[in-house]
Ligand code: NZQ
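This document starts with one chain, in the form predicted on its own, laid out as structure tokens.
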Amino acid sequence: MNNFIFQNSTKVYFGQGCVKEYLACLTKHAHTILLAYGGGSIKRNGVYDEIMDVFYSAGKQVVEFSGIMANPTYAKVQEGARLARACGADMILAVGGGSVMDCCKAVSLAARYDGDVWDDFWARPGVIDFEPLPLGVIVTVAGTGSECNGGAVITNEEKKIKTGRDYPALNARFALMDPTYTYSVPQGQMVSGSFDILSHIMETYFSAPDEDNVSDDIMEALMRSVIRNLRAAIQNPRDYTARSNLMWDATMAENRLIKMGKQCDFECHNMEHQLGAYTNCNHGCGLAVLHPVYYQHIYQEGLPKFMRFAQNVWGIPREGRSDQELALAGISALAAFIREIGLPTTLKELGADKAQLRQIADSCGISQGSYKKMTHDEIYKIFCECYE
């Protein structure tokens, strides 16, 4: 294992009924709460009423910040910060999936910062030497794992840049995770979110070191869990075991635990973020298109790990295969799984404009953790291979 420092300050309350049981106590010191959510599904599925019943009983003042989009924009962050300051909010409660949580982390920072948080904290790494507005989260969609880290991916529409930063100071104070809240999520969203979980794990797994280490062992178990439980959840969306396992898989993938001692390769996320900045495509769908083709470009440089992936994650036996054949069989199994769960396999399906692929490729960040040093020319080649 390489040297590391581990920190996670978010306290998790997991299981059916956790919101009713713990929310009042967790918000007892807050008088005015900024209640943040997305398009309003929480008002249709009963989650909103359950939360408001708790707040009304406790005499809280609630100010709503709604309409947070799938790829939250810097303009939306600024809107939330203005609202938080105007109402004197002393806590933000983010209710939703990764987009809502990410947006609210940025709002918690911007609400207590006089400068430009994009320029000072997203365009480049910054130093948070003040206390952001306290944040709590209620998770309704499993996928990003944003509930247990300080990461926030924000899109600057004007600059056409989508990027993320992870600041431990932005970790939520608490995360309430009731798997039954995910039952009403449309199947397409559930599937794409689950693939995002798998992507997070793979991007850490396929990186140095490759010597025996605890992180790789945990990741293989997590990948098998995502695959197994996603199949079960597709068959029965109200399978509590499957939905609870996927919810915790997402958290484990991004609570920093599996990244300990690993170099990490986030090139697929870098590429998808810029595709999203130009096309506003679904994040999990974009990753599903990119991963198999990207891995075909780098597998030879990481051959032992790709062989291990084939055998330990997909259960593919050696059976006389060469090293290269075994590695490629694992990548083929991943591609087949993507088709099985119904995710797109081409950029054309995502609405990408082929004429813009060069521009998008040139705007992508280069991951330092990749087995193979990427260039913008090779990223463009990957995009072209993914197009149709």
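Computed from a prediction, not measured in an experiment: that's the story for all the values here. Position 1 is the first residue in the sequence shown; the rest follow in order.
Another form exists, predicted in complex with 5,6-dihydroxy-NADP; not displayed. Remarks below refer to it.
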property	result
Proximity to 5,6-dihydroxy-NADP in the model of the complex (heavy atom, within 4.5 Å), stretch among 309 to 317, 86 to 94, 295 to 303, 268 to 276	268 to 276
Check all three, 215, 263 and 370, heavy atom within 4.5 Å of 5,6-dihydroxy-NADP in the model of the complex	no
Position in contact with 5,6-dihydroxy-NADP when the complex is considered in the model of the complex, options 225, 156, 189, 244, heavy atoms within 4.5 Å	189
Selected contact from 195, 181, 122, 206, since only one has a non-hydrogen atom within 4.5 angstroms of 5,6-dihydroxy-NADP in the model of the complex	181
Partner contact for residue 98 in the model of the complex: 5,6-dihydroxy-NADP, 4.5 angstroms, heavy atom	yes
Close approach of residue 136 to 5,6-dihydroxy-NADP in the model of the complex, 4.5 Å, heavy atom	no
Residue 251, heavy atom within 4.5 angstroms of 5,6-dihydroxy-NADP in the model of the complex	no
Any non-hydrogen atom of residue 108 within 4.5 angstroms of 5,6-dihydroxy-NADP in the model of the complex	no
In the model of the complex: members of 123 to 147 within 4.5 Å of 5,6-dihydroxy-NADP, any heavy atom	140, 141, 144, 146
